[in-house]
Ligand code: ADP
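Below you'll find only one chain, the form predicted alone, shown as structure tokens.
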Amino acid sequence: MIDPASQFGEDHETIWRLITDKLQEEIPRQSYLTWFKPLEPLSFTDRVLILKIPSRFYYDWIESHYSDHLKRAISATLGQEIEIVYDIDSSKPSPSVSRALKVQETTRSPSFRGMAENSRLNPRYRFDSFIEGDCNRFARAAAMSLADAPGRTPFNPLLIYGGSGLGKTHLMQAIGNHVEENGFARKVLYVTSEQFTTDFIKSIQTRRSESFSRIYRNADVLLLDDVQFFMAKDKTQEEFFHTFNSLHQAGKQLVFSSDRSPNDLESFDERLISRLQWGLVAELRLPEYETRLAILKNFASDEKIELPDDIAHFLAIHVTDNVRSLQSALIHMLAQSSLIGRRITMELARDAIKNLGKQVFREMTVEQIQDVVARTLGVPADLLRSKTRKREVVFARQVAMHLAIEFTRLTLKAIGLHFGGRDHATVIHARDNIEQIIKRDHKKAELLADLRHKLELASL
């Protein structure tokens, strides 16, 4: 067995090379290249090896799939207890984003130090990583305004509601992180309604109701997730009612989330429903195509995943339910790519769609797209292929070109040929022009969304 401190001193590169040499004996080469090759040793001091890691996603994947392999490789190579710290911010290890893993010959449970003990916030959830779109712009603006002045805006309480996977938790914790980082409140507490219920029941069982009240009623900002969990729980609702009143009367900030609007909360105390509506109620809707595409590209960029544009468009078109499904599709492709050595291709994207239990739309022809656009806009389809420069025809032609880029795999040059032999530069101009129009014209944006829906239905 090697004592790394005496044998190599602070030679972090040698120590990491020895560990990875052993690791490659245990895992497939493609998996090693994907998950461990990007890791870079930064230092080794006092038996602590610091590794630069591209993103939190790498940590999650290594922890879930290769933690035991890594433990064995370190134990077999060094035989001594060392600590590995993953540095995600690429400059220095920070308690908010680092994870320490001590490896000995006995198994030790690793822990991630990214969850603040007091606030229970996840540092990954921030405003700058929350992709804005028409579906969430109002809720995000309200959340940001509140986060700058907790307890001092009309948004108290703020209730954010919407279906699963639309970003409620992200937005709530972004508020908490912003408040904490800027020192706008002394005590921030994020908790799920299920945890609130569990804590309340335990306080009754152990006769420690004062401790429960001290934790929850001393918060300056209380972020309570999934209040629909309180439905039909009369005692918990009563405690929630008193907690609400205590904090609100003290001018503390309250933020709640729910998977439905307050009026749809069944078996819920009417007094609570009324209080949930005292401040501001903001809905998160299903993300439209542009937002889905932006979310995909942002997630891929954050996780250092090379995602071809055509595949990003394909996923954004077909995965329409929520953000979580988009990320699941991307993770499925990455897993397939790394574990069995497949390239990220359109075929892999189709497999990811099927894995989510969704039906894959068949690819449409440019002519089919032209017909749908022409019928909707009241323009003869043949004029889209003509030389006419009438304003309404030019707009319809550009819309059809824009949609042809999304719904087909043709090159820009090939698409142009279907519109009267126009070149690829004309198609690019059409795409860019339509993107600018829908940013400033809400009705035009709704029209494009309606056309996409019609094409999706037509391609089933």
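Treat the numbers as computed from the prediction; the structure is a model and nothing was measured. Start at 1 with the first residue shown and count on from there.
Form predicted in complex with the named molecule: not shown, discussed below.
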Q.
Taking a heavy atom within 4.5 Å as contact, would all three of Gln370, Val393 and His418 count as contacting the named molecule in the predicted bound form?
A. no
Q: Please pick, from Leu166, Ala329, Ala139, Ile175, the one residue with any non-hydrogen atom lying within 4.5 angstroms of the named molecule in the predicted bound form.
A: Leu166
Q: Find the only residue in Arg217, Arg324, Arg72, Lys235 having a heavy atom within 4.5 Å of the named molecule in the predicted bound form.
A: Arg324
Q.
With the partner left out here, check for me: in the predicted bound form, does some heavy atom of Ile295 sit within 4.5 Å of the named molecule?
A. yes
(Q) Residue-level question: is Arg275 within 4.5 Å of the named molecule in the predicted bound form, judged on heavy atoms? (A) no
Q | Ser129, heavy atom within 4.5 angstroms of the named molecule in the predicted bound form | A | yes
Q: Using the partner position in the predicted bound form, report whether Phe229 sits within 4.5 Å of the named molecule, counting heavy atoms only.
A: no
(Q) Tell me which stretch of 264-272, 120-128, 238-246, 370-378 has a heavy atom within 4.5 angstroms of the named molecule in the predicted bound form. (A) 120-128
